[in-house]
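Given next are two forms of a protein chain, the same chain in both, each as structure tokens and marked structure 1 or structure 2.
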Structure 1
């Protein structure tokens, strides 16, 4: 038993190390696909973290929330207020953002989890819209309404003032003196992403995670056995909300601005699409889904007719014009059509997401290799029989 546990821990550490290498080297391999600049890499990390947390709720329990954008906004507002009142250091901002998002998630989850299915989803959507409207209009002294909350030079920042730290120019978030802009900002977000992935991995492997999966499989049967799923569901909801708060905090770290638009229902719908596209209930699926959607949003949306003509310039002019005419509606402002088409293909043919597609390819490759090995074995046996028959015939002729 101890050997099995040790083996599992070793595999988990190896998996985390592999993931860390992929994330840290993103500026290198990102250039190969035109995504090596820091702003897009930061989005990969932030929304990957958001999707990881959402997958803990939706992927493990099956409870579909349409209100996680509320925690995203709470994390952003908390970070900006931490910058304004305390210090431009990222650590207090991240800590208070995660803490406050967890408190709000506990309150909203306590009420929403009284219902399940579509009723739970509608309740979370209602709470998110309430939070959005409060931030947009009612709580303008705290959120600055539609203008958004921004860090200013004359903000008190009592900790920085006590330490004699002064910001030159526009104040920017830092990590003990290291300004979190450009690649510095990406690597800080990458560190949070790696830590978030490791925590998610431990949750998936833990008895707590197995109980969540059992609730998803048959909650009614578990209740009949005397098991109370409410505390576990609420814990999953709070953990998921804290991940969203962390993602919102990172948004404000790399760009010290918080606006109500981050709490709109479309942001909640986006993380649902990311999780489903990559693979619900998988470790890497939500991260991959987040990267695909953000890549389409930032790369495909920048394509225009001139770019398409350069792409198809190797073709004859008449054929290049036809290809540009056919592909132009799917790029630029129409990039959503490409994403929608991809989403339809995934849902119809690989409902388990992109990860399931990779698994099917791996199974087909393995089966193809096995069939090829069987054919080679059969051919070798036939050749051996033929040689044995010729040898027997030669011996009979000699006699």
Structure 2
């Protein structure tokens, strides 16, 4: 027993280290696939965090929330307010964002988790829509409505003023003197992502995580064994809400602006999509899903007819024209069409997402190998038998 725990612990550390290396070297391998610039890499990290957190709720417990975008929005608004009132430093901004998102998640989760299944989904949806509608209307003094909340030069910033820090030009988020733009911004997000991944890994391996999985597997049986699922569910909900708040905070850190549109329920749908696409309930899946979606969003939405023509240049003209005609609705403005179609295909054929797809592929290829080996063996045996029979017949004839 002791050795098993020890070995998983070293394995976990190795996994985290591997993950950290992949994330930190992102600017290098990103270049190979045309994603080597901070704007996109930041998005990978931010939405990766959002999806990791969402996965702790949906992946482990199976509770489908349609309202997580609200926590994202709360995180963003809190960060911008922290910039406006306290300081441009990232630490208090992140701290307050996660805290506030957690408080809201506790309240919404406490009410929503009284129901399960479709009712839970509708309840979370209702709360998120309320938050969105309010952010657009009555809460305009706090959210600045449609224009979006932005940081201004003459905001009070009490702490910065007390320390005598003056920002030149338009104020930007910073981390003890390091301005969080470009690659600095990415590395800050990357640090958070690695931390977030480690926490999620720990949750997956902990008894707490096992209880969450138990809720998904069979809630009634769990109750019979003497566990009350509610506190565990609520903790999972709050944790995932805090992840969403962190993601929202990072969004506002690298680009100090917060708008209500990121709270809309379709934004919640997007994170569900990322989680499913990568692989629900797996460690790496959600991050992979987030990266895939943001990557293709970036690549595909930049395509247009000229680009397509260049891609299909190698084909004969008439075929190239047909290909362009066929693919054109799916790129550029039509990127959402691709997204929707992709989403359907994944749910219909590979509900386990990309990770499941890899596993199937691996299983299929090993089985294929095994089958081929068996067939060769059988053929060889058959040949040997035939040869023996022929020999016997020859010998018989000779006699």
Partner chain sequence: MEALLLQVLNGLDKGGAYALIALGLTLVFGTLGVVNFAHGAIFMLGAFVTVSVQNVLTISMRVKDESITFFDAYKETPYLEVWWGDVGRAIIDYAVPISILVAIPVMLLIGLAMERGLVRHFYKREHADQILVTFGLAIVLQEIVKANFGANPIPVPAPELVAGSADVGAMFGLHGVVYPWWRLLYLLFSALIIGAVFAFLHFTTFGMVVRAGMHDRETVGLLGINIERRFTIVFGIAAVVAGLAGVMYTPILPPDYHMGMDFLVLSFVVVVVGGMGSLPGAVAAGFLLGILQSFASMNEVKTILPGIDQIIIYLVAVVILLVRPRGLMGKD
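It should be emphasised that the depicted structure is a prediction, and the values quoted were computed from it without experimental measurement. Positions refer to the first chain, counted from 1. Only the largest set of C-alpha atoms that superpose within 1.5 Å between the two forms is called the rigid core.
**Request:** Sort out for me whether 1 or 2 is the form predicted alone.
**Result:** Pick structure 1; the other is not the form predicted alone.
**Request:** Indicate whether residue 146 shows a C-alpha shift of 2 Å or more between structure 1 and structure 2, with the rigid core used for the fit.
**Result:** No.
**Prompt:** Would you say residue 18 moves its Cα by 2 Å or more between structure 1 and structure 2, aligning on the core?
**Reply:** No, because once the rigid core is superposed, the C-alpha of residue 18 moves less than 2 Å between structure 1 and structure 2.
**Item:** Exceeds or equals 2 Å, Cα of residue 225 between structure 1 and structure 2, core fit
**Value:** It does shift by 2 Å or more.
**Prompt:** How much does the C-alpha of residue 314 shift between structure 1 and structure 2, in angstrom, given a rigid core superposition?
**Reply:** Once the two forms are fitted on their core, the shift reads 3.4 Å.
**Item:** Shift in Å of the C-alpha at residue 383 between structure 1 and structure 2 after core superposition
**Value:** On core superposition, this C-alpha lies 12.8 Å from its counterpart.
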